[in-house]
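Have a look below at one chain only, the form predicted on its own, in structure tokens format.
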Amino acid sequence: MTSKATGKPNTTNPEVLAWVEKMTALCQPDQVHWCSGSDEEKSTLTAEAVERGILIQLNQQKLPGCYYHRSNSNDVARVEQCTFVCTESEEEAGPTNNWMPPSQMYAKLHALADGSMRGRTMYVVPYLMGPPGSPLSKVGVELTDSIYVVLSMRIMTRMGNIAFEHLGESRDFNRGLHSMLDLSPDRRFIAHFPQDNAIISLGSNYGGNVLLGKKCLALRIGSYLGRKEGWFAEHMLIVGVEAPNGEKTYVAAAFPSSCGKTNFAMMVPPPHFNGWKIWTLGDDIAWMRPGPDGMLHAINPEAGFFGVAPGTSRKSNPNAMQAIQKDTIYTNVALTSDLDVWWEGKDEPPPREALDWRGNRWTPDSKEKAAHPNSRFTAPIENNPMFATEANDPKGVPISAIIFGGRRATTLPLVYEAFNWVHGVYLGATMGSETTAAAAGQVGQVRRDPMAMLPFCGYNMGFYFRHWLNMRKRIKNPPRIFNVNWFRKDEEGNFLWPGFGENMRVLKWVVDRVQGRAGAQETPLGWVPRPQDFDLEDMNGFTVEDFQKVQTINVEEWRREVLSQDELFMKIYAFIPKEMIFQRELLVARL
């Protein structure tokens, strides 16, 4: 069945029209539908998706406006081995990216896309990344044969006519082509052409590979454009921290996956912090540009959350749970008999019987998990009760602090502050996380993930560090840079820090540091809070001694840490800025 929806071009932009015509001739769809982003269009496409079995309508009493999607079981996550950066020279892509020359990749993918949409509808999806009218915003146009993609892009971006209004007659837009083909992993490619501002994604229908505004444009292409144009595209959350007197401080933070990024972005302060509020501007991506006031100004280019469901609960993230109660698409979670959803770690006990993420009968005795570990929710960001309305400000918000953090059982203290910008870049560049059982490789092995950008940087990682260092000259009042580690353990394997809402105590010290209110002590690593600088009141038995334990700096552990940093440095040694080598030598000298 092909789409009943029809539509004429809703733009007169000659570049857009010519490119869509060219791709239509290549893919040969039965129909072309130009998406407007209207509510009527959403209703029509949703009804069709339900009729075709692509979506299942959930219990509208419990979850109004919510739908369920089950993806192909071979297509449930991002695929690094199928993800390419295609630049003219291999050096530009760098040793941490898969590379192929653009001409070779275009030839390969155009051959696969030839006739790929016969019997299908091509949807023209114009979308705006960032607030309308913002100099930081970018326009993309995604051509797709997936209704799931259209409806998800409607949540994740400002989709429809609003994007063409922002674009006008400009040629500056991202050209994105997506076709599911037959979902065969052998013909799965996510290829980025940074020099052409173009993306081609074939053979997948999983969000991270096919919602082209997300990791593809916002980070891989965005980071390349940021270097060229003098701004940052970063894998960072953005929060506004409001003190009881109304003072607001904006903080950006980068954590690798499984390090509590979404929970931190939607943190609820414990009762002790009466009157403090955490406002969420974004949980995943920040675009940051120097502003006329000399500060780094940030926008969240997205309009939705694409979050991991397992482990999300009213205890771990009450704001996320509220955000996904309406107008949400759930993918690869479990489906209950009353058309509700369930996953491991949800507040309710397991259902007596359900359909698992593959559509098979599941009971609590089943050996398999009910929800896929990477099952997702796609929800409008404005559903969050603590959504910060300044996320729609075209000027962005001024960032006072940047926080880096990974998952480390030893070595790294709870929090410390970099001595200066260059030292802060070094902290971000050497950031790492220990592998958990869910990740490939030996458990407890440190995997370096600079700035949490290793899978998402659209060019050479050595050039990326150089860009961070060069940007210091453009930012008169740079944010202070901090490092955190919520996951330090004692000899018995127990966490030394309670985490979750108590992370507000660390955030308060960060805010007080940038506002000039809190002291610190100099150490070989950087500035660390003394017990008198840090709020330890009402911590249910967590003592000054416990705090000193979680802040301990063990010189022997740090000597091993410095040696283990070589792994990444050696991989990109030919391109690494000398400042990074000097910072390492300074650290060795201080130790």
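Only a predicted model underlies this, so the values are computations on that prediction, with no experimental measurement involved. Counting begins at 1, following the sequence as shown. Just so we're on the same page, rigid core means the largest C-alpha set that superposes within 1.5 Å between forms.
Below, we refer to the form predicted together with a small molecule, which is not included among the displayed structures.
Considering the small molecule in the model of the complex, the lone stretch of 113 to 121, 172 to 180, 249 to 257, 289 to 297 in range is 249 to 257 [heavy atom distance within 4.5 Å]. Contact check for residue 279: no non-hydrogen atom falls within 4.5 Å of the small molecule in the model of the complex. Under a 4.5 angstroms non-hydrogen atom cutoff, the small molecule in the model of the complex lacks residue 478 among its neighbouring residues.
Contact between residue 284 and the small molecule in the model of the complex is found at the 4.5 Å heavy atom cutoff. The closest heavy atom approach of residue 235 to the small molecule in the model of the complex falls within 4.5 Å.
Exactly one listed residue, out of 503, 146, 483, 83, brings a non-hydrogen atom to within 4.5 Å of the small molecule in the model of the complex: 503. Proximity to the small molecule in the model of the complex, defined as a heavy atom within 4.5 Å, holds among 71, 383, 336, 262 only for 262. A movement of the C-alpha atom of residue 257 reaching 2 angstroms or beyond is seen between the shown form and the other one when the two forms are aligned on their rigid core.
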